[in-house]
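This document starts with one chain, in the form predicted alone, laid out as structure tokens.
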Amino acid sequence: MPEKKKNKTCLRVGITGGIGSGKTTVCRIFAALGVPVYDADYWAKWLITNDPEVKLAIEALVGPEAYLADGSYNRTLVASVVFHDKDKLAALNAIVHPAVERHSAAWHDRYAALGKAYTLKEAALMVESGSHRHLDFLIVVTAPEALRIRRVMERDHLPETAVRDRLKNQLPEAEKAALADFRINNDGTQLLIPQVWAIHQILTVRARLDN
């Protein structure tokens, strides 16, 4: 029998950064270049509502009131429970993050079968969850903390104290940047498109060399 042909390499690339760093804006540029982008935050919400195993696990953790009568996720109630209990928050993350990893891996495989050079997974807590360990490369978008806080205040119409509370759930930017294979500076002093284009070229060539 003839030797089975090896599948072409399709790199798994992650992109993360602190709140307000501009990850979503950067991902739009990659998407415009034809790169498939997986929005982990969007799919986490989808899985919480639609994946039976995830729903059962959350109900076991929080109680049946975690979901409303129509089956929708009672986000307000769950947040009120887990964000005041670090153990329950960790348990909730231990339910959701692995489910997202499984879903994103299957999503990646579909694009690999289509011959894409690489896919991009966007997640705010990629390093915190440990999911960056499943990737071939990691991109970190950086910007000064004061600028990031101001962006989120303007975007979400939140007071500074609320934004700083969110920051407490994320690792310091320097710790994420230390793990990066590529960094994108989004402090307004450098154009984003040339930075994205340079990374895109490197990843495309790397995928070709691995085949």
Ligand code: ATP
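All values derive from a computational prediction rather than experimental measurement. Numbering starts at 1 and runs along the sequence shown.
What comes next is about the form predicted together with this ligand, which does not appear here.
*Asks:* Just give me the single entry in 164, 155, 45, 183 that has a non-hydrogen atom within 4.5 angstroms of this ligand in the predicted complex.
*Replies:* In short, 155.
*Asks:* Which one, 147-155, 50-58, 30-38, 66-74, holds residues whose non-hydrogen atoms are within 4.5 Å of this ligand in the predicted complex?
*Replies:* Only one stretch passes the 4.5 Å heavy-atom test: 147-155.
*Asks:* Kindly confirm or deny that 22, 25 and 122 each have some heavy atom within 4.5 angstroms of this ligand in the predicted complex.
*Replies:* Answer is yes for this spot.
*Asks:* Is there a heavy atom of residue 18 lying 4.5 Å or less from a heavy atom of this ligand in the predicted complex?
*Replies:* So residue 18 counts as contacting this ligand.
*Asks:* Look up in the predicted complex whether residue 192 has a non-hydrogen atom within 4.5 angstroms of this ligand, and give yes or no.
*Replies:* Because a heavy atom of residue 192 falls inside 4.5 Å of this ligand in the predicted complex, the answer is yes.
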